[in-house]
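Just one chain follows, in the form predicted alone, and it is written as structure tokens.
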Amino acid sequence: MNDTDMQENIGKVWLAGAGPGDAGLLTVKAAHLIESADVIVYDALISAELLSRIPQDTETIYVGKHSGNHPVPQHEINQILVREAKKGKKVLRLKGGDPLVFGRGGEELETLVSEQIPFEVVPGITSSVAVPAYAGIPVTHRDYTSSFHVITGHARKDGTLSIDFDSLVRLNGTLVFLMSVSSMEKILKGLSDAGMEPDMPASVLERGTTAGQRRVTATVGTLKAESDRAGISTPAIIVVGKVCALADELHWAEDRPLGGRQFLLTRPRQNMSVLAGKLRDLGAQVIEMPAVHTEPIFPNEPLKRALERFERHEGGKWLVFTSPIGVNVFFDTLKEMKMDLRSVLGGTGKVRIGAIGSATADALCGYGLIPDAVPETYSAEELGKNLAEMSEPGEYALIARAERGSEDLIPPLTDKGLFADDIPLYRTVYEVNPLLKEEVMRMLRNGEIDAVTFTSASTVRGFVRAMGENGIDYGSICAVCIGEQTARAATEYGMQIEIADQASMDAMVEKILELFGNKR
């Protein structure tokens, strides 16, 4: 159905698969819907990495179901979709894997049809194929089998399985049992009783495609004992067939430099996370949790007056930036004030530009300005020293930055005899993402997060405010910090501190690889 099918005052439902956990397996269409939906109705199998993609102001409704625990019955889920759509909302029903592969999506669609609610189906990557692939198991291989079969391992209320084991064994294909851990013993016995050889390779795959994925490969006769020994739990799938023997040769996910690692990245909400992309490229699972966002200060009369002083100053003068956000806000503010950059830079006296680091320098280059000063060590103190060394007494420095900037920048300038005009461009606002808070706290307590990254002191404070000072052992958190000022903030809460060799995203990645990289 198309948007043109929508009745007046009636919204629409998109039934979409979120894939098995790895955010990289989310389809382009599902990713777009996450950004644009008014309300998202989601399941328990949606990973924290995917939850972190949901915009802060999007309404969410959790209807998670675990094996044997259905806090929201299916009929009630159906009615939630109808109710929200009848309010005129764009409703995204987000399910793990594919919504129509043992996801009861068909029942939800039948309800929508009966209520004349417009809908679309967005297929997702099913765990029945993706999870074995991440474990090094191709579900088909012409030397072993030409078919694969997906079966629900979910038992009926009386504990029995509605599976024709005799037919499955005769197919001689790869068998993939979803929702099957609690029924493993019955499944393996059913296959054996139907004539499957006890030495047929078999695997159980836990939390596939995520940082916590585990694989136990054995045989039909030994898999249950080996699984119990490894402590395998849900969510997991069972794969039976000759292709399982290939896992020892074709495994790859855990072999990536950061395979099996999971990191929590704090950042300002407006920032596109370059760091997240670099870590994912190395195999890590990354949860992005905005801890702060920035608000431009406007109207900004102090900036307007400072720019007038800057233009009139007859000696040497510096225009100084300490963050990419500051650069962008500065030019946005000029536009709002209808002030031409030529008037700012075209006054008397020589104009030079300072940037605290490479990211800030890159942001300036985007506006056609190449900085004259970028310190080798990216810190406020080093920037101040660098500017002072390049200046003469009486020069003027207009520092355009956050409302609460580092105090280390100013003393080297004033000691040299410069006039430093410290002008706030934006303020930092701390925020709590309630959708992520409880899940992240659970993961931290369980040791599922290897490290938390911080790129400013404000992100440290924002993270602590989000988590709260009770209930989290901050001393157990490995904090990978971009610089000394950020590290000082993390030290206040007793975190285990690691500092990048330089204040750059590449240096952060190198530090994480040094600490957590697979030495294979």
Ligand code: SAH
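All of these numbers come straight from a predicted model, not from anything done at the bench. We number the residues from 1 along the sequence you see.
Separately, the form predicted in complex with S-adenosyl-L-homocysteine (SAH) exists; it is not shown, and the next lines address it.
Just one of Lys242, Arg207, Lys90, Arg352 comes within 4.5 Å of S-adenosyl-L-homocysteine (SAH) in the predicted bound form, counting any heavy atom, and that one is Arg207. Of the listed positions (Glu84, Asp98, Glu382, Glu288), a single one reaches within 4.5 angstroms of S-adenosyl-L-homocysteine (SAH) by any non-hydrogen atom in the predicted bound form, namely Asp98. With S-adenosyl-L-homocysteine (SAH) left out of view, the stretch that reaches within 4.5 Å of it through heavy atoms in the predicted bound form is, among 419-427, 101-109, 298-306, 364-372, 101-109.
Although the partner is absent here, Leu178 is a contact residue: one of its heavy atoms lies within 4.5 angstroms of S-adenosyl-L-homocysteine (SAH) in the predicted bound form. Within this chain, Gly326 is remote from the site of S-adenosyl-L-homocysteine (SAH) in the predicted bound form, having no heavy atom within 4.5 Å. Using a 4.5 angstroms limit between non-hydrogen atoms, Val131 touches S-adenosyl-L-homocysteine (SAH) in the predicted bound form. Remark: Ile187 does not count among the residues lining S-adenosyl-L-homocysteine (SAH) in the predicted bound form, judged by a heavy atom distance of 4.5 Å or less. Every residue of the trio Leu45, Ser127 and Ile237 has some heavy atom no more than 4.5 Å from S-adenosyl-L-homocysteine (SAH) in the predicted bound form.
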